[in-house]
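A lone chain, given as structure tokens: the form predicted alone.
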Amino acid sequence: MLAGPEIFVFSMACAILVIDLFLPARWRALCYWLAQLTLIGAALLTFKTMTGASVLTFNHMFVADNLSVLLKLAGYVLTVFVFVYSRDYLQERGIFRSEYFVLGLLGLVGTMVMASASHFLTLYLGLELMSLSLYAMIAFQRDSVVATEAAMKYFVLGAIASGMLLYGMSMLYGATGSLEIAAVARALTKISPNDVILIFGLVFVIAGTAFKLGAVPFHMWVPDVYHGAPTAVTLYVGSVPKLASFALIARLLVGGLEPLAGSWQTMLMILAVLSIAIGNIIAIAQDNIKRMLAYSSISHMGFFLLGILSASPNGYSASLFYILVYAVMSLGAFGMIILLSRSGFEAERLEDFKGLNQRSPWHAFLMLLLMLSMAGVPPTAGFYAKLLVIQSIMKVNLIPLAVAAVLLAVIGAYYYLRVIKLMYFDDATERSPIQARWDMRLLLSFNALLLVGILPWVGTLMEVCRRAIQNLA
């Protein structure tokens, strides 16, 4: 029963794939509704299996705890939003097919498996299921050369990264004699942290993990994938897999390799500073908003790593809060790009946002909230997310790192403010009215307003995050 949600989502994904074969074209929307019902059913099952304590099953390969429940519920909510935002986009381009929803659900199953992994093999299994789904989704628009090129680049680099991660895991297995994460953590307390095999294995694990995060210098795939993939797919790639990234780091580094924190702290410090610096500086030069958001994503992953490298429960919970807030911001930003796009036109250039306030003051206000939150301007959730991770490194006396992060965040604010300037101070080049279904308009408004609306409950959310990681740290 503990794996009930995973089994249910996987079974429904297979069922939708088969049902679609027998549906006439006019009933194609049924697959969309079945996918949404699947997510609601999975949420109910997850609530039903909540125990409040860590429970192991499948010979200690699968764990149900507060962290797995929180990540799964967040995954369902994000995927519901992704499917709603994507519906019109896919229909207008003639690619409204069940495969999009099936791959989305399978990618979610991979994330769920990673969230509940208590064994290296389970973790790797979830990672590969999610990655393979993403490769196929990116190449979903088969007649697009750009999308196919992006998928090929991601596939080749992803295969190398997976190999590096697996090689690192095999070295850790050789040193500790176990693949079970808790057993590895126990074995490491009896081995010298300077053991050559351990350090070598750790380097490969960090490299593989950094690729999945899109951290510098393993970031080469991010701008190409974000730009080349259809926006409906970029929307998915920029939100749900970010939860999987946290699961991967939490289970591997925090749950299993925390005795080696002295070694991986320095590695993550370098990755974090490079990611924040290069992500923010290169984003300034972009005139394509999808590429700008891709480099922005790299810098956000740098901030996310700040909380992890503090190697403290306070830092881990701050990073969890950061990744949840970032997923909501990313969802809203790509949702706005989809909203402004229409058949035969992709609103992916910065100039497409010119004069948005003249066309639709409400949607310009929503984009304003999203950009301010991404820049970390108070009183948005993005500000509190940045503040909490910076506080966590200050508490462990990494003051120079905190100062560098704040200065680089100020540099990064420029390209977000540029979008606001285009919307409010430039004349509109596009005059056509914005058309979208009521459900997308409603959810997009809720999505953006949430970044200000959750402020009274930031303390409560942080407490939820602390409880989620207390069994790990």
Partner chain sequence: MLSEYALSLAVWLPIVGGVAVLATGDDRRANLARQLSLAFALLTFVVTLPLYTDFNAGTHAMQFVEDHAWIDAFKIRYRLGVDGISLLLVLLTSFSTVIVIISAWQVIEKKVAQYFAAFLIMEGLMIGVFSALDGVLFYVLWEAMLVPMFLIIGLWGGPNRVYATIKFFLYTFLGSVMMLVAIIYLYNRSGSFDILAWHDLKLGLSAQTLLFLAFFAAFAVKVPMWPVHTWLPDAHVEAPTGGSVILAAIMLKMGAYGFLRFSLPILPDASHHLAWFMIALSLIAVVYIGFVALVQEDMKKLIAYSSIAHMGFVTLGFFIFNAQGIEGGIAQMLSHGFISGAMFLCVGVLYDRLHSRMIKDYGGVANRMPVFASFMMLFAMANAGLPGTSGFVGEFLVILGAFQVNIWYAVAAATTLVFGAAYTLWMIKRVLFGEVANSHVAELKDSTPRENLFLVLLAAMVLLMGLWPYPFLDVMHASVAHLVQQIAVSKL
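Residue numbers count along the first chain shown, from 1. Here the structure is a predicted model, which means the values were calculated and not measured.
Another form, the form predicted in complex with the partner chain, is not on view; read the next lines as being about it.
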Problem - 407, 50, 29, 434 - the one with a heavy atom within 4.5 Å of the partner chain in the model of the complex - result: 407
Practice task
Would you kindly say which of 312, 144, 265, 391 lies with a heavy atom within 4.5 Å of the partner chain in the model of the complex?
Solution key: 391
Problem - Partner-proximal stretch of 274-282, 82-90, 371-379, 325-333 relative to the partner chain in the model of the complex, 4.5 angstroms, heavy atom - result: 371-379
Problem - residue 384 within 4.5 Å of the partner chain in the model of the complex, heavy atoms - result: yes
Problem - Contact flag, residue 259 vs the partner chain in the model of the complex, heavy atom cut 4.5 Å - result: no
Exercise for the section: Determine whether any heavy atom of residue 182 comes within 4.5 Å of a heavy atom of the partner chain in the model of the complex, and answer yes or no. Expected result: no
Exercise for the section: State yes or no: in the model of the complex, is some non-hydrogen atom of residue 417 no more than 4.5 angstroms from a non-hydrogen atom of the partner chain? Expected result: yes
Exercise for the section: Please say whether the CA atoms of residue 244 and residue 454 come closer or move farther apart in the model of the complex, knowing the change relative to this form is 3 Å or more. Expected result: farther
Exercise for the section: Specify closer or farther for residue 378 and residue 454: how their Cα atoms are spaced in the model of the complex versus the shown form, given a shift of 3 angstroms or more. Expected result: closer
